[in-house]
Every structure is written in structure tokens, then in C-alpha cells.
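What follows is one chain in C-alpha cells, specifically the form predicted on its own.
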């Protein structure tokens, strides 16, 4: 690939010599050879280009004229740097880490259907009746349960566990050790227990005597272009599938409980937990370490700040923060008022002392 090829891939203007070869993108300070591409979209990095061995640079479109004269032989000016980073990393991304073909150590049971070009790594187990779409790559030590349906052009990294009956769309990426379709955390006591009494009255008026499992009979359904992070867990539904919509991205260490429905184009960040039967709308953002209670609904386009606790349903198209999560302005107001409490207590104490002195 040369500079002109890269500019065409990114659909951006090229200034300079398009024949210069490009091998890898890197920070200007970390460039080691002329074929490196110095990524200097932050204006603060432009001065580093003067001493960088890289001959090709990517900068913000409005900073092309600010590149030190003679520093590089070709400049690509991009209009939206972070979007350009997506294109850059895609252009240089390595191929899937799975060798073509079926590894001899893989166990593929009767009735499995593998599409054209499916790659299966070592020590993979694919149970009876599963169907894998064309072009999907399956890393080592993956287990795929009976009757699973996986669409084309997916990438399943090492150690992923997919329980029986799951349906996975096209172009899905499952990162290392993700778990799909473990049983939901669902139990009941023969008589009313502590949780039920606490919900009804706010007090513990009963105790748990014997926890009876409610079995999870459904599975997990993922739409197209979904991505699930490492060590994330999506539990199977009780009677209906736990569902995730198209283009939703789920970070590492996320828990999606049984019967949850997540809409399309959502972003669910690390260490977030969504309890059973919650409904997450389309294009919702749950920042890191958000907790969502069971059976609540979060409306479309809501953004919930990191560390928030969602204990009741939230309307869409608003920013929420705090525990319990409230709209951003209200959360900040409560925080500011809390910070003023010590001054209020001090003033009240002084007034009480003055009043007592006046009585004496």
C-alpha cells in the first residue's frame, strides 16, 4: 500500500507524493522508519513531525498548512479525526487469528453445517445441529452448543462459550472468554421471602427458606454487527430469548441478565450490570459501572453516566447521573447542595448559640 492508496481508502485529500509506501500507523514519536505513517491529528503532535523518520503523516484537515515545511513527503488531511482513526486501524488490521480450514483437533458433531470458508481453530467443540455462516472464523477452545445459528463473516475469539439454541447474526465479534447463554440467576422461595417483603414494605419481614431454581428454557439472540467484549456474560432467557439489537457494542466484563432486551446501536461500557427483564431502548449509552435494576425501562437515546444506579425507568433522550440516577442537572444540583451542608450546619449552630445567649 502507498500513500495514495491510503488516501483513497479514507476518502481524504492527499498532499504530496502518493507513491510513498506505508506499512503501519504510529505515534510520531514512535516512528522508526520512512514507511511508518505518523498519526498527528492532535495539533499538539505537529511539532514532532520535524524529527520523525516517517515520510507520510495524517493530520487534521485544518492543520495541513501547520505541518513543518519539509518534515514529510505526503500529508493526508482528515475532517473527523476519530472517525479517520477507525478507517486507519481497519486498513492495517491483521487477519483473523485463525488458520484457514478445520484444525484436526476440533470436534465437530453430526449434523453441523459449515459455510464456505469457515475456519475452525484447535480444540473447538461444535455440537450437533449447529450452523456456521460462510467466512466465520472460530478461535481455539471455543464451544458452540447444539442448534446454534451463527451468521456469516463472524469472528469468535479463543475461549468463547455459546450455549445451545443461540442465534447470532452476521459480522458479529465475540471476544475472548465471552459467555452466551449461561442460565439466568432466577430463584424463588416456597413462601414469601426476604426480597419480596423488602420490596413490599421496605422491611425484612420474612426469611428465605429454600431457594428453588427457575430454569432458563430460552437462549440468547444477537443481531448483526454486534460486538461482545472479553469475559462479558449474557444469560439465556427463561421463556423468551435475551436479545441484543443490531450494531450494539458491549464492553468487557458486562453482565446482561436473563430476559433483558437491548436495542440497536447501543454502547454498554465495562463493568455494567443489567438485571433481569430490563428493557434498554435504541442508541442508549450506559457508561462504565452502571447498574440497572430488574424490570426497568430506559428510553431511546438516553445516556447514563459512569457509576450510576438505575432503580426506576428513565425517559429517553436525556443524560442521567447518580444513585438513584436522575437527570444530569438535578444530580449536579444535589451534589452542590450536599457540599454546602457543612456550612449550613455551621450557620445553624451559630444561630442556636446566639439565640441561647440572648435568652440568658
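If you superpose the two forms and keep the largest set of C-alpha atoms that fall within 1.5 Å, you have the rigid core. Note that the coordinates shown come from a computational prediction; the quantities given were computed from them, not determined experimentally. Numbering follows the first chain given and starts at 1.
The following text describes the form predicted in complex with another copy of the chain, which does not appear among the structures shown.
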Quiz prompt | Answer option from 48, 319, 60, 296, heavy atom within 4.5 Å of another copy of the chain in the predicted complex | solution = 319
Practice problem: Work out which of 101, 79, 202, 111 lies within 4.5 Å of another copy of the chain in the predicted complex, going by heavy atoms. | Solution: 202
Quiz item: Does each of 90, 94 and 198 have at least one heavy atom within 4.5 Å of another copy of the chain in the predicted complex?
Solution: yes
Self-check item: Heavy atom contact within 4.5 Å of another copy of the chain in the predicted complex, the stretch among 112-120, 237-245, 128-136, 67-75
Solution: 237-245
Quiz item: Taking heavy atoms only, is residue 35 within 4.5 angstroms of another copy of the chain in the predicted complex?
Solution: no
Quiz item: Heavy atoms within 4.5 Å of another copy of the chain in the predicted complex: does residue 270 have any?
Solution: yes
Quiz item: Would residue 43 count as a contact of another copy of the chain in the predicted complex, using a 4.5 angstroms cut-off between non-hydrogen atoms?
Solution: no
Quiz item: Even though another copy of the chain is not shown here, does residue 279 get within 4.5 Å of it in the predicted complex, heavy atoms only?
Solution: no
Quiz prompt | Residues of stretch 317-336 in contact with another copy of the chain in the predicted complex (4.5 Å, non-hydrogen atom) | solution = 317, 318, 319, 323, 324, 328, 329, 330, 333, 334, 335
Practice problem: Compare the position of the CA of residue 348 between the shown form and the other one after a rigid core fit and state whether the shift reaches 2 Å. | Solution: yes
